[in-house]
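First, one chain by itself: the form predicted on its own, in structure tokens.
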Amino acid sequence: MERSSWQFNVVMMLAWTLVAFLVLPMFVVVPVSVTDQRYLSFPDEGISFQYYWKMVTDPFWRDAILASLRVSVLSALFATILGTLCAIGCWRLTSRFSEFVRLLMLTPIIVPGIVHALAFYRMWIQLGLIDTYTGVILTHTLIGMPYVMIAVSASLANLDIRLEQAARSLGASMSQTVRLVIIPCIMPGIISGAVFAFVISWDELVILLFITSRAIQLLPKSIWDGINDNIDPTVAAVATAMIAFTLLILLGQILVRRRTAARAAP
């Protein structure tokens, strides 16, 4: 399809329309977050940042943000370690069993979230992990691992296996080869996987509603409770902060990937 053809222009117009349909409603919360009213609405007489101040000073929102950060960082860390090791193992073995393991690890992406929630609920009841930070971190680690595997496997697909063979032929052990050769070469994929795992944990709600009650109060659940109990514009301020934080993380990940690619270029 030529870039100057009318078919290309129609496809591009449909693509940008779809992007606008998906992205633009997300930014409606930005003007609502600076409203001067006591309910969810656009600013009437002026812009007010009172709800941003409430977000950082009210213990309800402040504690939820800090708890979400702790859970998301730990979950992303564990998911990155386990997902990276699993991806390297499947890449190194290259057998039917490794392909089965890879497919099994990607199953959580295919299965609906409500099915995960019911499964985790039944399992965590038996293990005594309901309404505990350990249960939430384990859950977010498991749902973040497939995204790490996808990102790391994509980097491994472009890795020249002769680098690993050269390191082994020069006397390096398998652990030294993984630590000094393979991981540095696939670091952009590992960083991308860690970012995805963090974002998945940061805004996950469905499973959280099943496996927690009052002892664990993370940010998505606080927003859910805030909408159900009363329409507080602080919810819009929190949502805007979450959007900005997520965009900041993705921007940082893109900059790291470009810098790593520039260093690797001859």
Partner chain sequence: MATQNVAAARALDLEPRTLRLPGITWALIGPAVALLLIFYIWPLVQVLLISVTEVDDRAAGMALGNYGLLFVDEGVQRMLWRTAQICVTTTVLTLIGGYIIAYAMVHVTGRQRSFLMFAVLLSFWLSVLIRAFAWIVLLNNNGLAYEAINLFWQPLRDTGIVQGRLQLARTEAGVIIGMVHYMLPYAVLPLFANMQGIDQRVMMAARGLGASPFGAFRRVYLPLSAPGLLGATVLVFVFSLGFFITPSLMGGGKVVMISEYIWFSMEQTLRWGLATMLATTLLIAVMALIALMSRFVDMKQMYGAK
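Residue numbers count along the first chain shown, from 1. In this text, all values refer to a predicted model and were calculated from it rather than measured experimentally.
Note that the form predicted together with its partner chain isn't included here; everything after this is about it.
**Student:** Answer with yes or no whether Met55 is in contact with its partner chain in the predicted complex, where contact means some heavy atom within 4.5 Å.
**Tutor:** No.
**Student:** Within 4.5 Å, heavy atoms only: does Gln126 come near its partner chain in the predicted complex?
**Tutor:** Yes.
**Student:** Using the partner position in the predicted complex, report whether Leu69 sits within 4.5 Å of its partner chain, counting heavy atoms only.
**Tutor:** Looking in the predicted complex, residue contacts with its partner chain do not include Leu69, since no heavy atom lies within 4.5 Å.
**Student:** Quick one: is Met145 in contact with its partner chain in the predicted complex, heavy atoms, 4.5 Å cut-off?
**Tutor:** Yes - in the predicted complex, heavy atoms of Met145 and its partner chain come within 4.5 Å of each other.
**Student:** Going through 151-167, which residues have a heavy atom within 4.5 Å of its partner chain in the predicted complex? Please give them in sequence order.
**Tutor:** The stretch touches the partner through Ile161, Gln165.
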